[in-house]
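Heads up, the chain below is alone and in the form predicted on its own; it's given as structure tokens.
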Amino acid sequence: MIVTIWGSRGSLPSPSPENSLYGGNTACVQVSQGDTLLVLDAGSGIRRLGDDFPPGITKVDILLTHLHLDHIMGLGFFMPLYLPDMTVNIWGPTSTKESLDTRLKRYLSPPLFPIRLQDLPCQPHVFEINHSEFEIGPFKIKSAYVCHPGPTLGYRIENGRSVVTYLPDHEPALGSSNFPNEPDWTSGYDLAQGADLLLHDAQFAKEEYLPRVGWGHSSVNDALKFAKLAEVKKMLLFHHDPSHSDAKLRTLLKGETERQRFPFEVGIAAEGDVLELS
């Protein structure tokens, strides 16, 4: 299983010299094995993935966590959608009000976008999921709702040897009055338990989080507590705040790791990272 990060920023693309190391594109992660290619979210980073799309691949599955703009803004710029012979499947959360297809068409239509979803040359297939388990190629995928405003999914992806968990927008401290001591009451725990790699929301410093409780995002401190609770092997901080420079991100992580040791590897997700899980 190979994991490639095409975008790790949150909320808003923020390209700048100060963000050149960890990148400015919003959420998009590729998970691949052989000729099976999964795309986690369609933030602005998906454009670069489309421009560098692997030759010979004729099918791609896009797994959306939710429909906030930073996670779908690159969808209309994804090159495979304009190839008539390409099969594109889009998976995303159900809603009590409108279908996923209807919600996606609201963005991919004028005046927000010049081309309508139904007019794309490849004619993508749209599938709604919730607390679901399904298979795509060699991957067994589990999805579940997590703490974030609006219908929002997290994903656990297994191939029989490795597990990657993707929780880019997640506020685990909100769902439990005794966080992080009650795994059964902690949002996302079942998805992350024992994962070889966890990509997790770490948008705020501790002092930034306090006035933003309920916004659906995690502090670096809470993200590390969650990873420790779930007993993951490696964690990458994800969904970086657009105002956090490379230096700020390093300072945040250094401050936490100097205060305490963690029984897992910790890093900062950077655009361009390629990780092979075996």
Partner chain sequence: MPANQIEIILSRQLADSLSIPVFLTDTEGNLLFYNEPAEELLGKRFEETGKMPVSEWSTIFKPIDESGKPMPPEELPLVKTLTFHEPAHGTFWIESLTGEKANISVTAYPIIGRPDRFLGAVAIFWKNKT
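Numbering follows the first chain given and starts at 1. Keep in mind the model is a prediction, meaning the values are calculated, not measured.
What follows is about the form predicted in complex with its partner chain, which we do not show.
- Across the proposed site, Thr94, Val146 and Thr186 without exception bring a heavy atom within 4.5 Å of its partner chain in the predicted complex.
- A heavy atom within 4.5 Å of its partner chain in the predicted complex is found for exactly one of Gln118, Asn130, Thr102, Asn89: Asn130.
- This chain appears without its partner; in the predicted complex, the one residue of Leu174, Ile141, Val126, Leu197 with a heavy atom within 4.5 Å of its partner chain is Leu174.
- Heavy atoms within 4.5 Å of its partner chain in the predicted complex are found in exactly one of 81-89, 68-76, 146-154, 200-208, that being 146-154.
- Its partner chain is not drawn, but in the predicted complex it has no heavy atom within 4.5 Å of Glu98.
- Among heavy atoms of Glu158, none comes within 4.5 Å of its partner chain in the predicted complex.
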